[in-house]
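We begin with a single chain expressed as structure tokens, specifically the form predicted alone.
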Amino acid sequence: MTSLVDLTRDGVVAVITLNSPPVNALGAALRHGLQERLEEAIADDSVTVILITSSSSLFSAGADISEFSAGNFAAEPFLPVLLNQIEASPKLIVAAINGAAFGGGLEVALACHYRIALAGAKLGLPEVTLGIIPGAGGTQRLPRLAGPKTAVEMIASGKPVSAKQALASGIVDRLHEGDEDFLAAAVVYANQLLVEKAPLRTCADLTVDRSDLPDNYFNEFRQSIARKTKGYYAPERCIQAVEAACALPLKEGLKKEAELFQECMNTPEARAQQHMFFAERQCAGIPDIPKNTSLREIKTVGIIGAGTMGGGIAMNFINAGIPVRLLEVKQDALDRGLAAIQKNYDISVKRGRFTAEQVAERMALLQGTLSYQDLADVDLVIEAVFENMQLKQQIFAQLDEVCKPGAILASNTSTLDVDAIAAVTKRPEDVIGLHFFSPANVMRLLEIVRGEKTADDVVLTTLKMARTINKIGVVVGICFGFVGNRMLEPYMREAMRLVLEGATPEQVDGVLTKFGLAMGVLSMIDLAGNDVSHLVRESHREDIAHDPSYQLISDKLYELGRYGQKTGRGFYIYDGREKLADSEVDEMAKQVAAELGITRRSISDEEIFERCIFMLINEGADILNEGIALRSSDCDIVWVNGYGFPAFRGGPMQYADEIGLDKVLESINRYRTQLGDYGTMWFKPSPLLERLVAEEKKFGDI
């Protein structure tokens, strides 16, 4: 069995090598091995200097996050204690950072006396993205080496810096850029330090240099990140920890860091963010498909439809270096689509995200066409036309005739039955849904809709493709709206019904944004286009015809041509970037309510919240119960990444687990009674929700 930590010799240099692929996670076993090798090297009189490095292509990705949920992250040797031991070594210790050093991995390096890094290495403390702060000395040692400004920016954002930036700021002492083997260069550096009689430089002997720090710097920094970090608990504790480093000796600062770390660990925000960390990784696993399933190659992609969605989808692939053929039926539509893509890139150049040369390289990968024959040899075709079953079936019948055997045929449908689309082809096993979210070149979510006959290798190939184009792929089953839009339906329904019952659009949206959603549901409809949501309702009128009030206020706005931001009026009035309340919507709601016999009343924020969010959760439970989603965490991934549900809540299902499913069920049953016939019609608890409450379980338990 290969040792997790190896010890070899190169003259007087003891080389301690972390050897726990793929990421050298600092779990208890690795920590124990590191401590043993460290003590062995210190005890060896023939060793003068110790080098800590890695056998992987990275140094260490940090803590084993699974230990957090298991509650054994403090198992001996506790990482902070081990790093104090490294720092207190009587022999010189050098960190040889041969790749990414993140979190606890960087903290290991910071505890060493000197650091040499490979030029391509990245260094960062991303703990804030898990709802915590660095807890093994990072908040205290980094400010002493790099200064408080660099430290607080890195720690509060979680963003890494390059090795060159780390050298400039004092985090590392030497950069290796030559052709010489890195480990050999690190050994040379270690020997050079011996020759130079370099001191055992520890952070305990350093104070934070505040000479260029304005008196009000930390408060100004708080204000600068306030909007971005609203609702998150850890960023403020990151700042407090760096403030402590500026004011306290290392030993006392480490004690303060430990207190703040534990404070963060005990919050629902930390549990939510760590839930999302694992959820993103779990959604890549499909239980009924063997992991060794062979994948298909995707070297060229065809996209049908050069509108906003098709153009955005195309940008994902050419950004990843994959050639795209973009098809339209008319030249003017194709020209507009290509021009829109160029314009998007031009904006990115102005903002400094791309150079003109990089844009030229991407546009060279994009070919416009009016002929289906140009799609004959592509590996993947994505249809991105508007939501019309007949049109999509016509397109797929044509693709079936033109495309080569083994090509994957995908529809960007957001609601329609993928099996019905596949049925018009002679190869339903090659057909899949790929539901991109708008704007497709920005939004990270991709719903991968698995049809009844979709081949296993097609599912896994598209999952891999999602990662290639920097998307989070979530495999879902077929129903109206799949996971995301199906859960959206009751959420929108309740918001609009509440407006009829007496709430204002701004009150409804205000409750939801206060909870942490990126925008309220009515503002979201205005952004996406009320004409779009109307067409979706038209496609399944038979399912909602029994409720004459169903999103009727939205249909009335549609009839008036008030589609939202695109027309300047929807639920709100839009004047440039300014959004204004519209008294006409209130009057319209009163009139519609009177026609339907709905008694208007004053509605509490609590009722708005519970009816919108709890019915969203209830729909998620039905989706799980029907097997449309594989895991509750998949629903969370969809809603955090596709609909702006706050990550610090962990998604709707995690939030329900956090507050208690019994509370959700009690509220649904209460409104079922209080709201009369409407409540009886819509407030039906999911059988899964009822079962889990009876069994005292959570969504996360299934």
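Everything quoted here is computed from the prediction, not taken from an experiment. Numbers follow the displayed sequence, beginning with 1.
Beyond what is shown, the protein has a form predicted together with a small molecule; the following relates to that form.
Taking the partner from the other structure, the small molecule in the model of the complex has a heavy atom within 4.5 Å of a heavy atom of residue 126.
Of the heavy atoms in residue 233, none are within 4.5 Å of the small molecule in the model of the complex.
Within this chain, residue 281 lines the site of the small molecule in the model of the complex, having a heavy atom no more than 4.5 Å away. Residue contact with the small molecule in the model of the complex: residue 447 places no heavy atom within 4.5 Å of it. The stretch from 523 to 531, 366 to 374, 272 to 280, 346 to 354 that comes within 4.5 Å of the small molecule in the model of the complex, counting heavy atoms only, is 272 to 280. For the three marked residues, 305, 323 and 342, no heavy atom of any sits within 4.5 Å of the small molecule in the model of the complex.
Out of the listed residues 474, 79, 499, 154, 79 is the one that sits within 4.5 Å of the small molecule in the model of the complex by at least one heavy atom. A single residue from the set 51, 63, 665, 647 has any heavy atom within 4.5 angstroms of the small molecule in the model of the complex; that residue is 63.
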